[in-house]
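Just the one chain here, laid out as structure tokens, in the form predicted on its own.
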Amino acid sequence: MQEAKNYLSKLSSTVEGLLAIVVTDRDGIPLIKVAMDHVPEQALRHSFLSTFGSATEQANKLGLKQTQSVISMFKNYQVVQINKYPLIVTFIAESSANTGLLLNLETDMGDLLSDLQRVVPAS
């Protein structure tokens, strides 16, 4: 797991303004987390990280199909959450960070996410 954290730490330095990368299960339980010291603590809490899973379940019930990603913009921060069933990848960044680069990190994380998808049970 330390190797995965080191990889995410290196990856996080490739996007200016990226403050945290968190990979969770569907319930928002962190599996791997890499965060800068000045990331907002509220954004790393289970109650916040679990909302994406709940929102995608509700969207599915409305017949909107499976949600691929959600981008939330705030005054000082942005949160990009990507559905990699049964995982959720969350990027927390400064509002000035390049959102397209954040979305592209999903491709760079492909091997790591594939490994995690094999060991995390789908619910």
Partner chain sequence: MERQLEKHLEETCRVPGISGALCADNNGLCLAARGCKPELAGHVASIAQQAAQLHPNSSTTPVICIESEGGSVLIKSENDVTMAIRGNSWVALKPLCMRRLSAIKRAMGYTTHLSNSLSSLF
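This one's a predicted model, so the numbers in the text were calculated from it and none came from an experiment. Positions refer to the first chain, counted from 1.
Just so you know, the form predicted in complex with the partner chain exists too; it's not on screen, but the next bit is about it.
- Not one of E3, V34 and G110 is positioned with any heavy atom within 4.5 Å of the partner chain in the predicted complex.
- Figure note: of the listed segments 94-102, 41-49, 26-34, 54-62, the one touching the partner chain in the predicted complex, with heavy atoms no more than 4.5 Å away, is 94-102.
- Proximity of E16 to the partner chain in the predicted complex: non-hydrogen atoms within 4.5 Å are present.
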